[in-house]
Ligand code: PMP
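Form predicted on its own, single chain, as structure tokens, below.
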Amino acid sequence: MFDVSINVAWMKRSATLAINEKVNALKEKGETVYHLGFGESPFPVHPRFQKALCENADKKSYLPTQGILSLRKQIASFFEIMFHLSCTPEQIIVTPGSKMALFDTLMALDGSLMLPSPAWVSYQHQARLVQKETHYLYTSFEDRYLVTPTLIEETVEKYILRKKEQKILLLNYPSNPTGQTYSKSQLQALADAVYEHNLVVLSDEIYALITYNGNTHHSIAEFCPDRTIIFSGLSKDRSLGGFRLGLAILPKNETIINSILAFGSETWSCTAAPIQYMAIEAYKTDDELLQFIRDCTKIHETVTNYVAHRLLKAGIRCHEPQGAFYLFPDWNSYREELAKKGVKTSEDLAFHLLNNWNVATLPGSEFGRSTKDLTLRIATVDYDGSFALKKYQENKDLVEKDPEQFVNGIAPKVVNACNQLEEFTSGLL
């Protein structure tokens, strides 16, 4: 017997990782599962990244906790070119994944957390681990699940939060789980609220380059640079999730930078040496690499648009995606019909679809929604990324002329999942 600390006894494995393991176990048994539950960008490792990793496989020494200077210089150049954000290498911390950067920052900062609902699964659990008082910002479908200045004001008043005390606002855009993002004017309005209510913004912008349907990414750091910490990494737009390289860009504030580095020095020590040297190549901005990112993003856009349109056609409420590779549909209008099948919560709905329709999703309750809110998080990446990229680059005109034909050709599992969801929903009428 082992006695487990009360601080972690409540925890279970991350829902996103757990569903992936469950689906893989079902597949090993020979069962067909349409996997809309796990959001991993499926595209291949670019040959230049593979070459850089091989060339630096001999790098075995401990590196600075902050990350090697040559990489931090390259990252600073990348953000200047791609997002017109100026920062120095001294403001950048390289971490083994952005999740670690977020966790250590939550540990380092004082103040209660204002967390949007819905939000990525790990945010709420990390906050609880560091014993951070958390107040949810319950966003609405009508506002596209985006935080508004009014919602911040109402939450401050509801919880009697003193305006002079520091508070933390955690944003993620384009969003996992909703696929929505903020316009420049919306971010400007939020920045005004940041100063009014003494907020520090943790801005998770890891999907920044996967923005589409006429939307352009802007960082809230454009409008409140002294109050914003940006988080990013290589896992999404360059499909390098398993490489575990993330980063934080902090304001010019030695106190918070040194605090996070002190914590990092006692936990992760440093990000793996071969990965850091490889990442210098991954953060270059030449035409070849940027075209690779644009091609992958176009495929994300085409497939995610296809799924959204199929859901809407089936009578399932859903927003048109603006970025990332997620959708957040809901079946609330079918509440009575679903109750007759014993489906009364989003978790019931997810299990029902997996057990009866072979479609894996995640319940909205895992993302901070009420259990009675019949929402699901859908990831749209259940296809062979290497094959999809090859077919797209062979005939880019097809995506513009006939996107449905393209999706049918490269993502049959996604198409079949949509068929299952449509049949399931039509059977409720």
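Just so it is clear, the model here is predicted, and its values are computed rather than measured. One rule holds for the numbers: they count along the sequence shown, beginning at 1.
Form predicted in complex with the named molecule: not shown, discussed below.
The named molecule in the predicted complex comes within 4.5 Å of a heavy atom belonging to S98.
Taking the partner from the other structure, the named molecule in the predicted complex has a heavy atom within 4.5 Å of a heavy atom of N172. When contacts are judged by a 4.5 Å heavy atom cut-off, D204 counts as touching the named molecule in the predicted complex. Though the partner is left out of this view, Q124 does not reach within 4.5 Å of the named molecule in the predicted complex, counting heavy atoms only. The partner is absent here; in the predicted complex, the one residue of L115, I220, A76, L102 having a heavy atom within 4.5 Å of the named molecule is L102. This chain appears without its partner; in the predicted complex, the one residue of S235, T297, T139, T155 with a heavy atom within 4.5 Å of the named molecule is S235. Looking at the named molecule in the predicted complex, residues N176, R244 and Y326 each place a heavy atom within 4.5 Å of it. Heavy atoms within 4.5 Å of the named molecule in the predicted complex are found in one stretch of 184-192, 115-123, 130-138, 222-230, which is 115-123. Along 394-417, a non-hydrogen atom within 4.5 Å of the named molecule in the predicted complex is carried by no residue at all.
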